[in-house]
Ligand code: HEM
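In structure tokens, the next block holds one chain alone, the form predicted on its own.
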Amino acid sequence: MTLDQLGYLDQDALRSPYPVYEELREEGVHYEKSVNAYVVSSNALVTEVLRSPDRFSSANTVGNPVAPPGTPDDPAALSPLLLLSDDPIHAQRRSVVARSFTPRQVGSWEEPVRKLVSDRIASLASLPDVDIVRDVAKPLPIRVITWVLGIPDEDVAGFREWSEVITSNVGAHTRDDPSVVEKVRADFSAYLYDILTEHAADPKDDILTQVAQTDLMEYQKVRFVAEMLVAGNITTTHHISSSVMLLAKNDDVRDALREDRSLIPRFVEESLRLEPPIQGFYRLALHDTELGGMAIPEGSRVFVLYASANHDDDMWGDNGQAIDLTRTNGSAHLAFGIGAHTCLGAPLARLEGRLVIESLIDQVETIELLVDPDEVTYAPSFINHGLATLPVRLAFR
């Protein structure tokens, strides 16, 4: 198996890219034509890149070409605002909402989110068939992030579909019908523009008001909120479904969590480490530099593989490919990145992941996969890593 197979969305490679990553780590930093970038795969060097914004820019994080200097933003685009910016602009923009996503603030949301999760898991008992992706991992995160931001309940239904269309081309070679994509962007933008205008005129104690009151251009405010909505549900969807699959595949782990619930946060970290929702992002070399003994010319793309770093034996030891609930450095994984661009919503994603596992442990006796783990289907992307479907049989307690 090669990086070419992963880049061309071979299902076997998408399902388990980790043998490819092991080969890449052994080879070291090198140029890969299939991704048109220098590939960085070891934990130490991925960390070095992410902690070196003076050498590596985030302007091409999702792989798109960087606009020439002085090119104005496209007001019609919904490209990420935070993800593609560098300091000091990135820090200024992030500070607008950073206080709303601290562990302490997110902790204050635990009980209402717990009820949403518990009710959703309980509802599965009445379904004729259960698909964890369709019935849990997709509806929960979008409901939570819209609630957190201050989106009215009656407007939630369309957000998941909008998010999926907007992210469907990231790390993929096929594109949706351009007219469909354009309509979704237009509808999404128009809705967000209207609701931000309302919050500017009638301030509320919510994140939408915080964004509405900034001095950003109006279309940048729309991009800001769109980024939080998309990032706040797509990656968490993938994390939740991967966690449930790991739980279903490991009866001994499920038994250990039921016996000692204090281990659930450690399981969440192991799930994030072993099956990170983002496999990797790009960076741009700002000047001639060197990485792992390889010369990187100015202007070169660098593909930074978080998922490979999370499986690096040099960091995680000989049991790095397995769930280890005694691991003391489990939270040092790179599923949320590291450095200035550490995922803003990491505390919320951790909360949702933990509460889903807690609710399953409380309400469900057994989880039986209805598809062979070697045959599950993944979304067609080499950047976003997530199950397309996960049919299960649940025995409720």
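When you see a residue number, it is the position in the sequence shown, counting from 1. Predicted model only: the values in this text are computed from it and were never measured.
Not pictured, yet referred to below: the form predicted together with the named molecule.
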* Asked: Does Y306 reach the named molecule in the model of the complex, with heavy atoms at most 4.5 Å apart?
  -> yes
* To do: Check whether T366 has any heavy atom within 4.5 Å of a heavy atom of the named molecule in the model of the complex, and answer yes or no.
  => no
* Using the partner position in the model of the complex, report whether A340 sits within 4.5 Å of the named molecule, counting heavy atoms only. => yes
* Asked: Contact between E227 and the named molecule in the model of the complex at 4.5 Å, heavy atoms?
  -> yes
* Asked: Does each of L83, H90 and I278 have at least one heavy atom within 4.5 Å of the named molecule in the model of the complex?
  -> yes
* Asked: When the named molecule is placed as it is in the model of the complex, which of 324-332, 29-37, 368-376, 345-353 ends up with heavy atoms within 4.5 Å of it?
  -> 345-353
* Asked: Of the options F159, F101, W147, Y219, which one has a non-hydrogen atom that comes within 4.5 Å of the named molecule in the model of the complex?
  -> F101
* Asked: If you check N310, S243, T236, S163 against the named molecule in the model of the complex, which one has a heavy atom within 4.5 Å?
  -> T236
